[in-house]
Each structure stands twice: as structure tokens, then as C-alpha cells.
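Shown next as C-alpha cells: one chain only, the form predicted alone.
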């Protein structure tokens, strides 16, 4: 179990040197150990590991693998956490979190990823786990009632998907901790480079590492970070559900983390430039990006985040068909789900991530039919803007739309 360095090193240094596991042959990075099981010279040595007196490779399905250990040490270092577990996907990490700490009820604040929403609304109640939703985010009075009723896990995303709303992590943690409950934050959109929930008072942070942590659209993984005491229950669930990350994916993710801080600098800068350039476009009703002063959570973003991320959301005038036509005409932006890769992606939430929700439910959650979610990649921002202007310009020749800078609250 790794102890966070003191004083804290910078994120670029941690991304490269956070790994404490060293290869026996001097490789600067832990190689892939495909090994299923690891042999010991005698029973006494084996018992040291099985009885928890020494951490060492044993059985890869349990996560007892050198390649996985090295990755988890880097993940923990980036979040300044005592421990980290790597999972086969982001949903594996989230579901394991809920099974471990949600038995006495879960309060979900604000909008969340569609898979998380489905798990909370459908599967967990089938297991007798009570789930509650506060769609407006941190409503202190409503949350207070749930905490008094015995809810012991409060879960949130910030920024949210796809509406990019922000929730004050420190304020939530202060209220929740008065009741002896836990706060878990999905920080996938922000990454440890732009936001560190544990430092703001959260107890556990989870990531879909498939996104920015992986960064190349070539791996599927998840992660949970926090104190050893709070993460220990997750390990047993991970062991018995068989959801530990494979050594191959762990190696790919370790490689990707080395460039995460550099990649995020470019994502942040390009998304900011594109958001600023598009917010006065006549075919766009509004642009949502935490780095814009028009964003309703901009002041909180300045306090809570060190960078505003690579995600932005547009509302296209003309609704569903107009938004689809813009997406269809783009060349550099691939029309595909997921996010956080080196390539730019665009998706229309009403046809992808939130297609399973009724139109009424999407409207209740602020997800409009004319909404487009952009994942800004590492291409030159000028080229991405040219691509967007071409697609939007064709829309302007078809119809005349009033300009508006109004942003939803």
C-alpha cells in the first residue's frame, strides 16, 4: 500500500514517478506480467502473503499482479490517495463502490452517466438497496432529510455528463460528514490534473479510465482511489466478481498516465478557445463550458478546478434535426460515443448516452434534443474550429436563427 509523497510532487512528475514497484531487471516501467499464478518457495512464504503480512504477487484475478500494483501506485499518487484499485471498466468501479458502501442507501446528486443512472434506478433496487435522486444537485435541505433518514453514501459527478453542471464538493462533504456518511465523486471529466476531490473533502473518487486517463481510445478500465480503510471492502467485491483490470490493460494505462498532464494542458486550452469562439455564433443558442464567465458554475469552477477540461456542450438552434445535420457534416470530429481521446468526438445525447430516457425525462434533466456534446481532442484548435464553422455555416444558409447567449442555469 503506497503512502503519498510529502511534499506533494507536481502532476507530471507523479505521472512518471508515482510507481514504486520496480522491475527486477531494471526496466523503468513495469512490464506486462501475463502470469496467472505466482509460485512460492515454501508454505511459510506463501502464508505471509495470504494472511496479509506482506504484499506480493499471488493470483492475477485477485489483482495480485506486479503490473497492476505499479499502475495502482501511480493512480493513488495522482489523486494524493493512500490506495487505489484498478477495475475492468469505469462501471465496474462504480458498481463495486455501490455494493461496498451503498447498502444503507445512496443519494445521487445531479445528473450522472447513463449507465450509472440505470444501475441506480433499476439494478440496485432489485437488490434491496434504496436509491434517491436530487436532480438539482446539492439541495442542502433535501439532502439533510435523506441523511437524517440514514443514507450513508452520497454520490455525484462534477462536472456532470452531458450538462457540465458543477457541484461544490467541499460544501457537500462538510454536510455529509456531520452525519457520518461518505462522499464519492466521479471525476472522469476533470481528471486528477484539473480537480482533486479527496483534497476537497471527498472520501472516494472514481474514474472511467477509458476516457482521459487512457486517452487514446484503445483501452477500457476504471479506478477507485481513497483511504485504505474505505477501499478494502471494494477489494473483496472486485476479487469475487472477477472485475480486476487485466495486466495488458494495466500496462496500456500506465503508459498513458505518463502523458496525462501534458495532454490535459492541450485539452484545456483548445476547449477554452473553441468555446469562446462559438458562443456568439448565430446558429448556436448557447455554449456550456466551465471556463466561460457565462457558465452558471464558473465561480465555483475557478475555486474547485485548476483547469476546465476538454468537454463542452452546444445547443443548436433548430432542435434535433438541425443538431444531427451539424454532427453529420463534421469531418475532423468523429460521430461516436465516449470521450477523452486524442481525437475529437461529437455525440448527440438524445440519440446515444440518454436515448433510453423518455423525452420528458430528458427535458427534466436539462438534456435537450438540440444538444451536442463535444470532446475536444489534441488536434490543432484552429482546424477544429474551421470544421465546426463549415458544418454550422451550412446550417445558416438553410435557415435564419436569432443569436442568443442565454445559458441554462
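Numbering follows the first chain given and starts at 1. If you're wondering where the values come from, they're calculated on a predicted model, not measured in any experiment.
Unshown form predicted together with a small molecule; subsequent notes refer to it.
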**Q.** Non-hydrogen atom contact residue 189 with the small molecule in the predicted complex at 4.5 angstroms
**A.** yes
(Q) Can you tell me if residue 103 lies within 4.5 angstroms of the small molecule in the predicted complex, counting non-hydrogen atoms only? (A) no
Q: Determine whether any heavy atom of residue 133 comes within 4.5 Å of a heavy atom of the small molecule in the predicted complex, and answer yes or no.
A: no
Q) Would residue 165 count as touching the small molecule in the predicted complex under a 4.5 Å heavy atom rule? A) no
Q | Proximity to the small molecule in the predicted complex, single hit among 215, 90, 297, 110 (heavy atom within 4.5 Å) | A | 90
**Q.** Contacting member of 194, 210, 254, 95, with respect to the small molecule in the predicted complex [4.5 Å, heavy atom]
**A.** 210
Q) Which of 202-210, 141-149, 239-247, 284-292 has heavy atoms within 4.5 Å of the small molecule in the predicted complex? A) 202-210
